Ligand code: PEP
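Encoded as structure tokens, the following chain is the form predicted on its own, with no partner shown.
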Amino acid sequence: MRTKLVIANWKMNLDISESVQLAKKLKLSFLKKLWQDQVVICPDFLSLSSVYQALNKTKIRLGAQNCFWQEVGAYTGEISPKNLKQVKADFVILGHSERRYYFKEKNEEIALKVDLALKTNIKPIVCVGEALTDHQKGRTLSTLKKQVKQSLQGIKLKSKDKIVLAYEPVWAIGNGKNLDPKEVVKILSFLKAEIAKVFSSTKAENNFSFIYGGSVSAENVKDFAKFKEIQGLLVGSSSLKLRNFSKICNDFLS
């Protein structure tokens, strides 16, 4: 059975000391959990090293919230995946809807980032999802198809490469409007079929995990845990409180 994941995206909500404090609490809370290595914490860039130290002697994984598509060069303000690897980041979130909206990131740019992350031995968490207008006009599947195809354009997958594909309906992020789990299963199955077209059914099965994010909470997590097709969760605001996030991890991973 494929290993499930719960990924915490702390976004820009915590300062360094707050990030370290929460990481230390997670360490104590998860110390005896067999599923420690199925949890990924993604703090802001400046907190990565400190959070890594705070999680010392646990199997909790570390992820970054973005990276650039070049390792070195005159790219002021950007973050090299090579440097992320040096601070022990195993994962990186790419193409999040907030990056697409606020920073106008394009699918083609995301593909370049995915490619370099894989070459740096970092697992990309590639986010796709439709806006409210597309959802209301019945363009969900066509939007996702385009995002998947273009965000993975030119990627040459090796057998060791792993990609997490996260479906995050933009209209459901951070507002409590989570999608019905049965609908999530349909969308993830569609994404898996599209990945099989881009690569192959074997690679869709062996190289990809298909997860959901969008107002996942301690109250609704059990609804998503019922379906084996939902192989993981990308959690935003509910990952900022120890009690909520602990319950999400326990209910989904146990």
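From a predicted model like this one, the values you see are computed outputs, not experimental measurements. Quick note: we count residues from 1 along the sequence shown, nothing fancier.
Unshown form predicted together with phosphoenolpyruvate; subsequent notes refer to it.
Within 4.5 Å of phosphoenolpyruvate in the predicted bound form, a heavy atom is found for every one of 213, 216 and 236.
In summary, among the residues 115, 90, 109, 98, the only one with a non-hydrogen atom within 4.5 Å of phosphoenolpyruvate in the predicted bound form is 98. The partner is absent here, but in the predicted bound form a heavy atom of 173, alone among 131, 173, 148, 179, sits within 4.5 Å of phosphoenolpyruvate.
With a 4.5 Å cutoff on heavy atoms, residue 11 counts as touching phosphoenolpyruvate in the predicted bound form. Of the candidate stretches 90-98, 153-161, 69-77, 133-141, only 90-98 has residues whose heavy atoms lie within 4.5 Å of phosphoenolpyruvate in the predicted bound form.
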